[in-house]
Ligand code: KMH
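Here's a solo chain for you in structure tokens, the form predicted alone.
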């Protein structure tokens, strides 16, 4: 099997310090959490940013500050800005995260509308998805195709048929939000993508390490971090993103997979 790429989703847009005091808001906290994850084995930092009070933002200057701070302490890490932002943001707001230097190598592309719970709906129309894909292709940014159920894979493949994506494709299966998070579900998702594609998987909340173990065994890659889970185990809050990444690294060692460095991850993902 290929070496394992670990992506650390260090803060997200929804989780707060009220959930876990270690969730980073400030630039200094974001850099600290990125470094803790990197030191534990993460080669990709999936990046949302906040204002100092915890309010999520897609402001390009805030992303630039965070990226500069992360590269200061992790100079070779892959930084993956989110174009998802937070519920209710406009397409224009969401795309602002790409307006940074150096140009992102990698960024997320959400491939469908999602029920987040209650009345919260994260809207991604076909036109939004295709436009984001077109912009990323024009700028030479590799998209990670974020899919929360099987139907979103099919929407991504519609974009591919229109020539908006470059092969090999890379998917992130986010399980436990709109689709349940079992090994059956993971097998369905993996069997639905084109041959030669790479994939990462994450389970939300209590499913995080079950899905991580499944992905490791099946030859995929793993996403972990405070965006997806705040617990190291039942009832035990993680003290850092590094603790979460370290647990995935231990699982990888148990199952006989080595951890990819950032440069090895670039090769596996075909990031130019």
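Residue numbers count along the first chain shown, from 1. Keep in mind the model is a prediction, meaning the values are calculated, not measured.
Although it is not shown, the form predicted together with ligand KMH is what the next lines describe.
Taken together, 14, 110 and 122 are fully in contact with ligand KMH in the predicted bound form: each brings a heavy atom within 4.5 Å. A heavy atom within 4.5 Å of ligand KMH in the predicted bound form is found for one listed residue only; from 176, 85, 143, 104, this is 85. Heavy atoms within 4.5 Å of ligand KMH in the predicted bound form belong, among the stretches 235-243, 44-52, 66-74, 29-37, to residues of 44-52.
Shown here without ligand KMH, the chain has only 227 in 218-233 lying with a heavy atom within 4.5 Å of that partner in the predicted bound form.
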